[in-house]
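Here you get one chain, nothing else, as structure tokens; it is the form predicted alone.
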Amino acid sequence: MMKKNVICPFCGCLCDDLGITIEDGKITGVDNGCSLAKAKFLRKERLQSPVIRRGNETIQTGYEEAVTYAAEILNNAQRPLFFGWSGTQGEAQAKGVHLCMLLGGVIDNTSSLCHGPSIMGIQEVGHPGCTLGQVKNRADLIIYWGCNPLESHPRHMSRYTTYADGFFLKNAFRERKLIVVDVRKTMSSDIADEFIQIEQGGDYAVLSALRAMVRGEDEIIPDMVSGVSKSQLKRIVEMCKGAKFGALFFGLGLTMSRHKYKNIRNAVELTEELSRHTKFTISPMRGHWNVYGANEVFTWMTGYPYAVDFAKGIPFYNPGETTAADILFRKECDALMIVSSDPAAHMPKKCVEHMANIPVIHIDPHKNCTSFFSDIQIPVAITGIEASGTAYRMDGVPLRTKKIIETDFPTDTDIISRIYEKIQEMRNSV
């Protein structure tokens, strides 16, 4: 049996044209998917039942016992931290916010480790963005800054930019120009019409120079700016001003390099300068498939996109203070619940050391580095494959992921709801 138009729950592209072959209730083939999609849909290994750590051993247990144990850990904590959320559906994210509110904890998503600075920059100066459909049909100039989409988002170019014909571009590969800005050559830079290789940490200076040249202030620009010649910068400005519709996409090479959110503010203001001459937009290349959804759900429930602290009974947001890595680094939290994420593989050593010293609840279908630090891991259905749910594409368009095969595993929404109800029972019985 073939199921068509399935949404891929891997990266922020949320490609919605996959064909999935199912035989005897199992996925045996993936059409239209990139290598990342195939790895996700065809992955066989998974945790089969909840496990609890006792000393150096892990013991299998039932879901009721696991939910009760998790509820006891959270109910006894003075400052619980809830982290992850970018690999699950919006419904589970909403339940997580409610649980955090009940306990007066801190809830953060993986934005604080990737595009958090992008959100801070956008909060200062706004976001002149557009949908990926607009880019596909109209953009005749694409800029990738600090990202390598051919490896991180393998179908971004074929669905929306370089190789995607649009309504107003019938032969996109020839009509569309591509500029790549990075500190090193990549697969994406190899196919660019213009590659700007800047020095490490030189993004802010190059963005500022481009803004000045767009305003016609060429005379104040030195011959070299962070490793880029003035003549190349001038050529880039002419390409941008001559385009009918330009789209700038940026990645972690811009958000996590020197100057962080100020880079994003500068890039947004460059977009605004260019829009005085033509149409230009800017968008982040979001990584996890529903990290944009986590920002949306947190914002419409608390007013803030990530790093929300309910310790005072009201939502408080201060990146650098209420972000998960900072709380773990200061050894501030006394319990940690992780949903669909692997912080042990990505956070600094001192944060992971504190994880090893506090109770950790891990809700995830698969074993990963964080499993080794977890006191309890509860396996759940894989959203987008075994459970339906709402996700937001990297351009902010909400999509409904489908359930394409049956499973006996509960969803993470179910597990979080049961933990919430169990804690309420505990508190009502006192």
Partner chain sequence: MSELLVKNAYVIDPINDIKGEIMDIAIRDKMIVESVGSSAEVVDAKGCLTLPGGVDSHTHICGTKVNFGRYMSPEDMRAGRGRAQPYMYPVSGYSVPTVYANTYRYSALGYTTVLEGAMAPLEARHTHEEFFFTSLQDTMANTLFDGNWSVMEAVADKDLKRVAAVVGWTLAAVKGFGVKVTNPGGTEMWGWGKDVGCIHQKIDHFGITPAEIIDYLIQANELLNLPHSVHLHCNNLGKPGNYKCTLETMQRTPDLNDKRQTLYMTHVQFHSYGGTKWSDFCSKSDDVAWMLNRKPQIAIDMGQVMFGKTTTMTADGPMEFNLFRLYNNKWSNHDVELETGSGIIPVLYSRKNLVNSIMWSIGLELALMAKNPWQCMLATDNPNGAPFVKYPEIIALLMSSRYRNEEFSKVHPNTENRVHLPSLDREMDFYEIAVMTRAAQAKALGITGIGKGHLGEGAYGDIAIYPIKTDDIDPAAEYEKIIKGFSSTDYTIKSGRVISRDGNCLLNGNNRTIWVKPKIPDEYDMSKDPEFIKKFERYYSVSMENYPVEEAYLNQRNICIETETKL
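The shown structure was predicted, so the numbers you read here are calculated from the model rather than taken from an experiment. Numbering follows the first chain given and starts at 1.
What follows is about the form predicted together with its partner chain, which we do not show.
Using a 4.5 Å cutoff between non-hydrogen atoms, residue 312 counts as a contact of its partner chain in the model of the complex. Its partner chain in the model of the complex is approached by residue 303, whose closest heavy atom lies within 4.5 angstroms of it. Among residues of the shown chain, residue 83 is not one whose heavy atoms approach its partner chain to within 4.5 Å in the model of the complex. In the model of the complex, residue 279 approaches its partner chain with a heavy atom inside 4.5 Å. Look at 334 to 342, 348 to 356, 312 to 320, 193 to 201: in the model of the complex, residues with non-hydrogen atoms within 4.5 angstroms of its partner chain sit in 312 to 320. Checked against its partner chain in the model of the complex, the candidates 205, 178, 122, 228 yield a single residue with a heavy atom inside 4.5 Å, and that residue is 122.
Comment: its partner chain is not present in this chain, but in the model of the complex one of 157, 252, 101, 212 has a heavy atom within 4.5 Å of it, namely 101. In the model of the complex, 119, 122, 123, 124, 125, 126, 127, 128, 129, 130, 131, 132, 133, 134, 136, 137, 138 are the residues of 115 to 138 with at least one heavy atom within 4.5 Å of its partner chain, listed from first to last.
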